[in-house]
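Shown below, as structure tokens, is a lone chain in the form predicted on its own; questions about how it binds or moves come after it.
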Amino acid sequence: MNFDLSEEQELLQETVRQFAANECPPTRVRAIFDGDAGHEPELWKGLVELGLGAIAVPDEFGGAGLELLDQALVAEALGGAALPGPFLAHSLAGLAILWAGSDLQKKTWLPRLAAGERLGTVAFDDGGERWQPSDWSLPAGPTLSGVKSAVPFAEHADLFVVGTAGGGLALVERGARGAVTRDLHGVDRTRRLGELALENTPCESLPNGVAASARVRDAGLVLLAADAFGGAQHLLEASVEYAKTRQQFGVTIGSFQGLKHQLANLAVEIEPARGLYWYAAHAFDHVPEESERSAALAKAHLTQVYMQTARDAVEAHGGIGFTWECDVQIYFKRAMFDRAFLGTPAVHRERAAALAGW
């Protein structure tokens, strides 16, 4: 029994890390974070050229035909760099069409998403944290009317996968009659959120949406858990480096017992949690009876660990930790996104308990 990554998976993750280090160092992350657009097409084009536009989509549609674990390893690397971009939402849009679309819809949209000719996103939140397919209330039909909140890159996406009442899924194209988007000015400026308002807007129903929507949500939970792991790991490393160089009272602050223990406790919390998202991704592809609960637990635990790590990193960085100029705040806000998007840890712990029959 092998619990480690294959050489190909390690190479994939290292390739993405190198891309992030070379093409999107902290100075570029900062520039995008501070900018108004929140999206750099050239940076996204570079990721697409690496094959990340539809990494889990079969090669017959232009994808790489890999598994969710491979996609999650990419998410971890992107989270570690706080790399801005639509990877999460675009990936989920592709998976939704792959699992729920007709043959014609797959042939029409998947090659375009894989090649980066179109940018996809998902519109699942009905407002008030109603993220789950069972919560969706937008009446399904040949047209859609209503509002979807917290839509990633709503201002830039060409194609929206919209959650409808009963757990269905429908496609809406940018420019469709009655479709209006606006920026919501979310705190995580590496992954901008917007609102999608629809009024008698023509749509295409995805015929297998009811059967596939929960699976799309679970894929999203695993990718968020992976992003959270990468971000938490980076914040720990950054805090340790800062503690080794910052001096107070003539000594490095890392020599103080209080900070030593705080950072050691973080290391003990973060590293063992890696297996949670690895197993959730493995279960997603190979152990379907454990997939839903594993995804819920991974998302709940890792996003909470990321949030706590961000709080501790602010403290470890002392007086500069909470300032706009310190990059810790970029990761802090990314942790807030990971914690809230697709449901809070409390929501998913309750689901996991119910799925276990408790």
Partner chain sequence: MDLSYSAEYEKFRGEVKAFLAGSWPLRGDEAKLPGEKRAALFRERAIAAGFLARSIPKRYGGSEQAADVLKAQIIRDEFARARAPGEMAGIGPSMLVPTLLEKGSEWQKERFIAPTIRGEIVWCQGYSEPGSGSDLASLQTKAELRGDEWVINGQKIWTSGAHRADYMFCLCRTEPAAQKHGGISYLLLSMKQPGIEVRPLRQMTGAADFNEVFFTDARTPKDWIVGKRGEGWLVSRTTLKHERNMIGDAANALATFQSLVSLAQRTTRAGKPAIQDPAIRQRLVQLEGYVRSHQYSGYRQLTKAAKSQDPGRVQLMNKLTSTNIGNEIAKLALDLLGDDGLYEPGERTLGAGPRSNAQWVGQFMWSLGSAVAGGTANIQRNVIGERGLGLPRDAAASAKG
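Positions refer to the first chain, counted from 1. What you see is a predicted model; the values in this text were computed from it and never measured.
The same protein also has a form predicted together with its partner chain, omitted here; what follows describes it.
Listed residue that, although its partner chain is not shown, lies within 4.5 Å of it in the model of the complex (heavy atoms), from 275, 127, 142, 178: Partner contact (heavy atom, 4.5 Å) among the options: 275.
Could you tell me which one of 203, 138, 159, 243 places a heavy atom within 4.5 Å of its partner chain in the model of the complex? Partner contact (heavy atom, 4.5 Å) among the options: 243.
What stretch, of 111-119, 168-176, 267-275, 94-102, brings heavy atoms to within 4.5 Å of its partner chain in the model of the complex? One stretch meets the cut-off, namely 267-275.
Hey, in the model of the complex, does residue 8 get a heavy atom within 4.5 angstroms of its partner chain? No, no contact at 4.5 Å.
Verify the contact flag for residue 260: yes if a non-hydrogen atom of it lies within 4.5 Å of a non-hydrogen atom of its partner chain in the model of the complex, no if not. Residue 260: yes, in contact with its partner chain in the model of the complex.
Quick one: is residue 282 in contact with its partner chain in the model of the complex, heavy atoms, 4.5 Å cut-off? Within the cut-off, so yes.
Answer for residue 134 alone: is it within 4.5 Å of its partner chain in the model of the complex, judged on heavy atom distances? Answer no; every heavy atom of residue 134 is more than 4.5 Å from its partner chain in the model of the complex.
Taking its partner chain in the model of the complex, which residues of 290-323 have any heavy atom within 4.5 Å of it? Contacts from 290-323: 293, 297, 301, 304.
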